[in-house]
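The chain below stands alone and is given as structure tokens, in the form predicted on its own.
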Amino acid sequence: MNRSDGSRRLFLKLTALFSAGAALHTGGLLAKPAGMTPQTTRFAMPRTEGIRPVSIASYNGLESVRRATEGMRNGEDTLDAVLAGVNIVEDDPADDSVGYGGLPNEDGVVELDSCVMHGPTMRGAGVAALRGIRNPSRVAKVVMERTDHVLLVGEGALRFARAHGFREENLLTDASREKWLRWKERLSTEDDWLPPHTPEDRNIGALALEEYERPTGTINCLGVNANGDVSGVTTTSGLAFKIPGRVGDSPILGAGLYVDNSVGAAGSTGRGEANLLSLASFLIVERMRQGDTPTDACLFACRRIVEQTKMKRLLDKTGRPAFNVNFYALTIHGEHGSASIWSGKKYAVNDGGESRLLDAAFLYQS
């Protein structure tokens, strides 16, 4: 064999190896999934690291991220810091999406769901359908620390909370009760519940059938410290006026929250049933592991839910979801992002200065 033949064979081998690598990049794990919108295109490498410590949360978490970042700067464990942040919202009767003052189930009883996950130890736990305890996130942490279980629900979760000194109380405020009554009075023209009316009102049925939007509120908070350790918490009173015992995604690890200390964390708010069917928080963390930015990973999860939604009752007249889901993601390097199916959502961020709201990415313009 002469030198030219050897060079030609070497060239062909190198070409084959290069082609195989290119195929893996374009058709394997690193490929952009078919049907993705322009927002899901990955950012070019190298990646820009964010500031640490940093905390992000859903739009109602401006004070939460301030407290969480402050705690991490002062040396608090990441989970303790984000817990202290969401406790502010759980204790606030003006926020009817969680904790004290949360909107009740259809019977007028507040039922709370929450889960926590601690990156450094890869532990997590949740509680669901918990009544009478305003800080379900703290109960979830005790489940993680003091049991061999991952999820406690209903009466069992309440007995566990009592055993560990949590104070039982009525969580229904006057404001939340009024909203529940307004919903109940407008359910039907056939029952005996009537909306407020005057002696001159004739068509009480029209008042009864007045449209009333059922809120879906939650808070998710994620934090990463200067060492790159990450933790998260999600807590909620769930879908307003739900069937008693209904549990959404918020207390389910992998759905309402997921943390991996080698990658980052993700959490969610919005329609819990949709997220339960996709386990989107786990999906987002795995997408970031493969190289997606936090925003791209959140958009990927939104697209997955759009593709999975087949029931006509859940679609608008254009065939798109008639609901919203919102995702939040944070890497161990301090990068963060958020995305929703529909536009108009924001998320809270604090990296040591003033807390601020940033626009979330989206698939569709509202």
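A residue's number is simply how far along the shown sequence it sits, counting from 1. From a predicted model like this one, the values you see are computed outputs, not experimental measurements.
Quick note: we don't show the form predicted in complex with a small molecule, though the next part is all about it.
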With heavy atoms only and a cut-off of 4.5 Å, decide whether residue 71 touches the small molecule in the predicted bound form.
no
If you check in the predicted bound form, is residue 78 within 4.5 Å of the small molecule, heavy atoms only?
no
How about residue 90 - does it come within 4.5 Å of the small molecule in the predicted bound form, if we only consider non-hydrogen atoms?
no
With heavy atoms only and a cut-off of 4.5 Å, decide whether residue 238 touches the small molecule in the predicted bound form.
yes
Of these, 134, 141, 287, 271, which has a heavy atom no more than 4.5 Å from the small molecule in the predicted bound form?
271
Have a look at 228, 195, 120, 217 for me and say which one sits with a heavy atom within 4.5 Å of the small molecule in the predicted bound form.
217
Among 152-160, 247-255, 126-134, 176-184, the region lying within 4.5 Å of the small molecule in the predicted bound form by heavy atom distance:
247-255
